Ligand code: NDP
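Given as structure tokens, the chain that follows is alone and in the form predicted alone.
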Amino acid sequence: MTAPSVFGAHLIGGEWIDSGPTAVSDNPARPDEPVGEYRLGDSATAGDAISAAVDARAVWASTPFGARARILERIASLMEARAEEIATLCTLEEGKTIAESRGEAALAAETFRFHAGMSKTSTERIFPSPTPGETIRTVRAPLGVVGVITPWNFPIQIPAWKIAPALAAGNCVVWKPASNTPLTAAAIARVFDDAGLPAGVVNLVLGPGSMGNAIVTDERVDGVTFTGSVPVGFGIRDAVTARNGRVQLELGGHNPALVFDDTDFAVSIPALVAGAMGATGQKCTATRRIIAVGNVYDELVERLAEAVRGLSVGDGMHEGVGIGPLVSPGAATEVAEGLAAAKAEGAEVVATTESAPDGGCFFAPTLLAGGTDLTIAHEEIFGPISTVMRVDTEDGAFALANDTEFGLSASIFTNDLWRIDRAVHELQAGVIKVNAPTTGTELHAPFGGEKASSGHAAREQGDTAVDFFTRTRTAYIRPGTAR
């Protein structure tokens, strides 16, 4: 199949749809140098993609697991072969450093390889029966058609987290990526196409966020997996569950890091700065609150300030840059407004990265000090801003850490095993890190949050990812007439 003349085209039913209006994908580091153009779809485009997935689902569900695994392995190999192309597009569209984008591409390839392997393992269970000769057995069936709605901050890896287990379980996919990173998505979709997926098994539709509503409300879509904001996620939840569909959510976070006086600063300072400022703070797992317990406060703030001042901010395509721009002018405005509001409420600016360039969507990483009365201490600002807070007691630290509507990730920095054990059992977060950043997880381990971060949604990643994408059936099997 020939590549589309417009780089960002829809892929529907195995065909590249190279028609309709276009929009421009911008470079947040160099706004005067657009990355390219992409096709703009609408609700009819989404409907066509859903129809293609419905038409393909019986064939894909009946494809033997070994054949599905081989295609996933080819996807992994092609992603590795094209990693530099995909990573470059990611950095140009999203702004993150090229090193981060390369790492993301490598992890995405590994995710497809992992689920290729998982598809060859048994998901069945056998239970004892009181009836002689009877076997009680569970089997899994694919949901059918899954809507995949992904964000811009991990435009390579998060689609892999969702699409790989969906395909391994025998589902067909309608994928709506964020409108900030359409060309990255199109490059990934070309990998799927070239790897030999049957027509209609994965369908890509590009366009505004409102297109997602056509996927969410269509009764032919059996489940929707979404990563994004809390308001949008809750709206998706309500719409999908109202029609008895299944929904998986990964939403916001306001993640705490507790630092005790026995911390090793050589470990905690790099981890705290990476967690708060890495990827320009545009991670749901980013460290938003640094909770200093007791006498550690003064030295902690001094060391953090020094580290923040020394960060390197610039164009993510330049080697050696540690922090890229924010994703868009709108994002930069929102973060600037959040910082201004915090300062107006009395937050102290402890340190900023003064070398951050002017122009583009660049924003200087900023360390604040303040208390729980600050709005920024409760509401997520999606940028490189973190607030240091002081508490006197261990009990106060744990109470403050849990004083949020979110529950995605949390860190604790201590060498005290009793505190570590307490953190594992008492911190209200789906991911708990000990002497490590709030950010960063492993693809073979479950990922997800608590409270408003994920609700009761099934976990992503690891061997539990299959739970969302399948229905469990229990079979009671008795032999025929005795011979």
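A residue's number is simply how far along the shown sequence it sits, counting from 1. The structure presented is a predicted model; accordingly, all values stated were derived computationally and were not measured.
Beyond what is shown, the protein has a form predicted in complex with the ligand; the following relates to that form.
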## Note on the structure
Heavy atom within 4.5 Å of the ligand in the predicted complex, from candidates 157, 353, 179, 88, belongs to 179
### Query
Of 248, 263, 387, 150, which residue is found within 4.5 angstroms of the ligand in the predicted complex when only non-hydrogen atoms are counted?
150
### Query
How about residue 213: is it within 4.5 Å of the ligand in the predicted complex, going by heavy atoms?
yes
### Task
Give a yes/no on whether residue 334 approaches the ligand to within 4.5 Å in the predicted complex, heavy atoms considered.
yes
### Task
Find out whether any non-hydrogen atom of residue 193 is located within 4.5 angstroms of the ligand in the predicted complex, and reply yes or no.
no
### Query
Just to confirm, residue 73 within 4.5 Å of the ligand in the predicted complex by heavy atoms?
no
## Note on the structure
Given 377-385, 342-350, 120-128, 196-204, the stretch touching the ligand in the predicted complex at heavy atoms within 4.5 Å is 377-385
### Query
If you look in the predicted complex, which residues in 228-254 sit within 4.5 Å of the ligand (heavy atoms)?
228, 229, 232, 236, 250, 251, 252
